[in-house]
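We begin with a single chain expressed as structure tokens, specifically the form predicted on its own.
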Amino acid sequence: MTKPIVAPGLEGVIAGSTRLSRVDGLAGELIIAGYPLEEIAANASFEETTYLLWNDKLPNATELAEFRNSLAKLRTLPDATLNLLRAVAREEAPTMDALRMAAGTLSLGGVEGDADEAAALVARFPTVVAAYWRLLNGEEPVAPDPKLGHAANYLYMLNGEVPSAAQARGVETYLNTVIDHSFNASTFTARVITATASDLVSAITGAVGALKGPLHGGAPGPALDMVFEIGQADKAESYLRAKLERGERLMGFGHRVYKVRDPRADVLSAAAAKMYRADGDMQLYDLARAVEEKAVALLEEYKPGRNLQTNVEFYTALLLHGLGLETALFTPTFAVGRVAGWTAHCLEQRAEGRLIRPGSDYHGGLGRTWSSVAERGN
């Protein structure tokens, strides 16, 4: 019998095919349904990018208006969901826990079938996160505004104020940037659940559970904390050297897939620059760029050949901070964007109609024989 090849963590295993996104870690390239990330993220609305993933084409003006309207009509949460969030807020659970619990209720209110469930999940994730955040902070939820686009409405429901054009474009670019990333852990989880012929709500609830784990969801907050601790560009080198000498990781640098600079970092860096220039503190942005430049140089010095470049976490933190979001909202906001990709993968997996059932390499004992409790002694 040929011994199977074991790939821990499924490293290097091609588990399926998809038309939704392609990640080239060696070239530092991310393609979203045929479009370079740099092109689609900076120009499209979130509704356009979602439509593209679901339909394999960008919508025309009529299709886009109808799609926006259909999502806007689904933003209001079922009463049961809102009641659940109120109860969870009294327990002061983290926002990702609240999202996980609420996700399982989002098919209520007459939502049936894959297409309706996908639309309800995408439309209601921002409402769940915003409503829970306000409840957690002693404030009443803000009702969604159907006149606002998906991204702008998210900020409106969080803050109770219509965002500026620069802020709306900033969050829109972010949501587009994180909308899909091939067969990552949460996406693969969603596909595995869908492959059993389960419903989309169950699949997306599982995906939220996978994203909640820090090895997948990442830690954008600490990347920005490091920038704040440094405080001044001329202190960056001594601070970073000290961390590296202690064997500590520099948050926001290095990626399991990308062996060069994460293309999402470039997109979010440009988006942050535009937003900070129009509506923020350019001193913070300039400091972050100085820290980034010094960190990349020192990582090459201390870890030569590993090419540890800036990843998506670094500029995620800077951009979302500039939008007024607290660190505890960073991963939930990621989920607000990624849910569109998750649902697209579920729909693709449903069409494939094949159960995902990998094998395993057994390394336990053999040849054991049964004995009664009396025979086993004391």
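Basically, rigid core = biggest C-alpha set you can superpose within 1.5 Å across the two forms. One-based numbering along the sequence shown. No experiment lies behind these values; they were computed from the predicted model shown.
If you look for the form predicted together with a small molecule, you will not find it shown, but the lines that follow are about it.
Exactly one listed residue, out of R306, K147, R86, K235, brings a non-hydrogen atom to within 4.5 Å of the small molecule in the predicted bound form: R306. Of the candidates L320, V336, V312, I32, V312 is the one whose heavy atoms come within 4.5 Å of the small molecule in the predicted bound form; the others do not. Partner proximity in the predicted bound form, defined as non-hydrogen atoms within 4.5 angstroms of the small molecule, places exactly one of 226-234, 199-207, 163-171, 254-262 at the interface: 254-262. Taking the partner from the other structure, the small molecule in the predicted bound form has a heavy atom within 4.5 Å of a heavy atom of P214.
Using a 4.5 angstroms threshold between heavy atoms, D79 stays clear of the small molecule in the predicted bound form. E248 belongs to the set of residues with a heavy atom inside 4.5 Å of the small molecule in the predicted bound form. Interface residue remark: A72 is not counted as part of the site for the small molecule in the predicted bound form, having no heavy atom within 4.5 Å. Once the rigid core is used as the reference frame, the Cα position of A119 differs between the shown form and the other one by less than 2 Å.
When two forms of a protein are overlaid on their rigid core, residues whose CA moves 2 Å or more are considered shifted, and K243 is one of them between the shown form and the other one. Core-superposed comparison between the shown form and the other one: the CA of A166 stays below a 2 Å shift.
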